[in-house]
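Before any questions on how it binds or moves, here is one chain, the form predicted on its own, in structure tokens.
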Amino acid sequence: MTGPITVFIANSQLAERERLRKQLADCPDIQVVGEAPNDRECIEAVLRQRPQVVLIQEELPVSGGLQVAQQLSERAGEVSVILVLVNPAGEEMWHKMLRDGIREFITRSTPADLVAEEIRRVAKLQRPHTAAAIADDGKPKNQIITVAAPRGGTGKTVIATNLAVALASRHENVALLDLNLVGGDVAVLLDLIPQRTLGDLMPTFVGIDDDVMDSVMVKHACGLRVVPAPLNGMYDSSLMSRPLVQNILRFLRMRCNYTVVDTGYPSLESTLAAMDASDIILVVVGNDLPRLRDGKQYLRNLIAANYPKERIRLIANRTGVTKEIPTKEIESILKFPVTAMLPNDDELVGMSVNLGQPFVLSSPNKSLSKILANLADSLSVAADANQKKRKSVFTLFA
């Protein structure tokens, strides 16, 4: 990219436009090229000037920021939009944003340096890039695998933890990042008592290096490196800013062959940052109609938000289900292929959780353990390459 990043500000309040302009004036690589106080002037100016990034006020008159962003997405797809929210995105706002294809946002209170960093990150995403699984030198690059779910109670954390342990038993330098920031369940599932956690990092802290990460990492007996979430359940998850998570993931990608991320609520900045950085997104849904309904909407939102479909893997977890819904029926409901069906084994999972012993290690011959072990193999770059021409390893278990 040559020259400064061109930015357009759409905000109904003159004081807010001036504040943003002054904030960005100190950044030599960013140039504000225009302003607008309403939707009509914004759309006309952006279509004429074609800036790289547009900062759009959530309550922009007359139609609102979401409506403007949607129109710009349809008429000027090369222009990136950052929505400026009054408050952090709630669940309803998050769903609306994804439906309108918006994944980038800041809040009115975001510090100036983080606003600039977000603009740079969004502009960088516009550059042509190679396939996600291949580095610039042609060699397979280190992978980030994010485990997400449309709602709680799907067994997501148990799956993420055992998957990470299975990968660590097959590869060196595997990390597990716990972004489920309320409760710190990963540490409990692995019977770890960390001295420090993600909660000890300041929200605006961006100096991620070996010393910082070593201070919050704890190593499991299997070799897995764990970055634990706060343990007391009182942590304000909104403090885990997107730039901080991006820098943590950037560090882990450089140091680890595989990084598994257990996410929290779908609307959190930390979750969205992990999804954006992911090479593979595992979406876990429960095998009952209410959870499948949520899963269908969740997948629809991800695809509408331009997350590549080929990076998404669907995991159907049968936990607590007495009457199974067949794989084909699940795929018909969700309109998405199922990568793995996890069998119901309450006794195995309960014992694993209570003892802090991952079942892929303590009971490797159980069906549930075998399927997650096969999933770990299939997610390995080398295994994927070898399996392209043969049937999915999950056919037997599904």
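No experiment lies behind these values; they were computed from the predicted model shown. Numbers for residues come from their place in the sequence shown, where the first is 1.
Only in words, not in the display: the form predicted together with a small molecule, which the text now covers.
In summary, among the residues 35, 58, 345, 39, the only one with a non-hydrogen atom within 4.5 Å of the small molecule in the predicted bound form is 345.
None of 46, 69, 368, 340 but one reaches within 4.5 angstroms of the small molecule in the predicted bound form through a heavy atom, and that residue is 368. The small molecule is not drawn, but in the predicted bound form it has a heavy atom within 4.5 Å of residue 155. Among heavy atoms of residue 349, some come within 4.5 Å of the small molecule in the predicted bound form. Within this chain, residue 317 lines the site of the small molecule in the predicted bound form, having a heavy atom no more than 4.5 Å away. The small molecule is not shown here, and in the predicted bound form it never comes within 4.5 Å of any heavy atom of residue 30.
The chain is drawn here without the small molecule; in the predicted bound form, the stretch among 70-78, 193-201, 145-153, 111-119 whose residues come within 4.5 Å of it by any heavy atom is 145-153.
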